[in-house]
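In the block that follows, a single chain appears as structure tokens, in the form predicted on its own.
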């Protein structure tokens, strides 16, 4: 009998304990702390990364590398799905898709960004940078900070700048050695007011076409020429459709890796940190890779003997820089002198 009473008492006390602990009484918010930064950390996140170039280009390889690093650093809790070659959207369409969260990552060329923020037109000024070290100092320093801060007003969160390389002139009419040689040529450019102005200032006509249309318009003679990096000129076969190339290094083709600002804020802090670490490692890798790749592509272009190549001398380069002085005056007045002054400081320091 005593054993029965003991058993019943134990069950009754257990029931009361269960009610109290599990669902009988609400605890005060002060009784325990919730780490909001870890909220959602165990929910898988899928990020759609859209870009418009081939997988074997610097940007394409970087996107794939970044996706792998994110998966490793988050133990698979964040998955980056990469869609290259404009499979989802063309360059300008990507911006609207990002705002609508139809994609989560894009890496537009700097010239494409100018459509959304005129401050970015400074990056399309001819002969703004004398070498890659100066470009990267701009990306990593105050110039990059100012540009990303300005773009945040449009709802975009800047993660990093990616490299491709300096652009070169190609065309089917004549060798380009001095500014006058560009006169009366029709040239394909990206949708940047500064680029269009540059060619009009040279007496040429500028025409905007998407990157994936370039081979077709060159092969069909729609335009006489274009400007692009050595890696793109070779990998996309543009050199097969052009007779002349000038190694001019007149403008830099880089990319801004962007996310939707509000979407970025919803990602748990621990995952944000992993994404940023993966992006930093990818950016460092890409810098070394793009430099080496462009050297290799120049050698392949020379060996192909399908295009006549001229490399500007220092004297020729100075003549180009002096020729563009009035264009600089116009855009410094239009954009403001803060960014131009930051670039001048970098030039003095280099």
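Positions refer to the first chain, counted from 1. The structure presented is a predicted model; accordingly, all values stated were derived computationally and were not measured.
Same protein, other form: the form predicted in complex with a small molecule, not shown, and the subject of what follows.
- In plain terms, the part of the chain that comes close to the small molecule in the predicted bound form, with a heavy atom within 4.5 Å, is 51-59 out of 301-309, 51-59, 321-329, 280-288.
- The three marked residues, 190, 228 and 253, each reach the small molecule in the predicted bound form, with a heavy atom inside 4.5 Å.
- Shown alone here, residue 232 lies within 4.5 Å of the small molecule in the predicted bound form, counting heavy atoms only.
- With a 4.5 Å cutoff on heavy atoms, residue 211 counts as touching the small molecule in the predicted bound form.
- Under a 4.5 angstroms non-hydrogen atom cutoff, the small molecule in the predicted bound form lacks residue 163 among its neighbouring residues.
- The small molecule in the predicted bound form is approached by residue 112, whose closest heavy atom lies within 4.5 angstroms of it.
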